[in-house]
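Okay, so here's just one chain, in structure tokens, the form predicted on its own.
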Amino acid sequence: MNDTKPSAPIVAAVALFTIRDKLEFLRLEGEQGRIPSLPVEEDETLEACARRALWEAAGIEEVFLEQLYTFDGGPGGPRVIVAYYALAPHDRLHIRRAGVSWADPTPAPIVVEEHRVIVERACERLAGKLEYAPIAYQFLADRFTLGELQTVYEIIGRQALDKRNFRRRIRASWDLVETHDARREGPHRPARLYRLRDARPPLEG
């Protein structure tokens, strides 16, 4: 579905994820475990509605947002639900509303069936995109260590990775740029800091 002006009734729903020690999603308390969602207003795009849902639910804005899929809202519900997922480092998420919490998505503690499915499919999408898109970087600060990046890959992919093989593969990727800075963590020698390249190369052909 294109992000153009829709006709009511359409609802945009957002599964917002972050990583602390594990992958977690934003859950509205006291509303049967819903995720942020709102009806799309007249002259409002789908993405704008999704971002408004995050803002009204938790006071959160300026996060990575991508459309996930569209499905029938079911009997008695909205005609269409357009699902999104959002990603952000935890230290950038300054929640400005009461009544929200972070929850483990495996399994998602949600009563509303449509919202539970959105969270589950979003987790599947994240794991699937690890190998072909720079999705893991959305959970990190602007500059990060390879150890931090590997932790994100392991959490989303739910498997341990060989440190040497991971670093060899990541250093060879186009997305990674080494900075001239380092960070000391504990008694170990300073770890080099990296960043995500600003733009991807144009497609050939």
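Source: prediction; values computed, not measured. Numbering starts at 1 and runs along the sequence shown.
The following text describes the form predicted together with the DNA, which does not appear among the structures shown.
Contact with the DNA in the predicted bound form, defined as a heavy atom within 4.5 Å, holds for exactly one of 39, 30, 147, 59, namely 147. Listed residues 143, 52, 34, 167 were compared with the DNA in the predicted bound form; 167 is the one with a heavy atom within 4.5 Å.
Candidate site formed by 109, 125 and 154: none of these residues places a non-hydrogen atom within 4.5 angstroms of the DNA in the predicted bound form. Residues placing heavy atoms within 4.5 Å of the DNA in the predicted bound form fall in a single listed stretch, namely 155-163, out of 135-143, 63-71, 155-163, 40-48. Residue contact check for residue 196: none of its heavy atoms lie within 4.5 Å of the DNA in the predicted bound form. Proximity of residue 188 to the DNA in the predicted bound form: non-hydrogen atoms within 4.5 Å are present.
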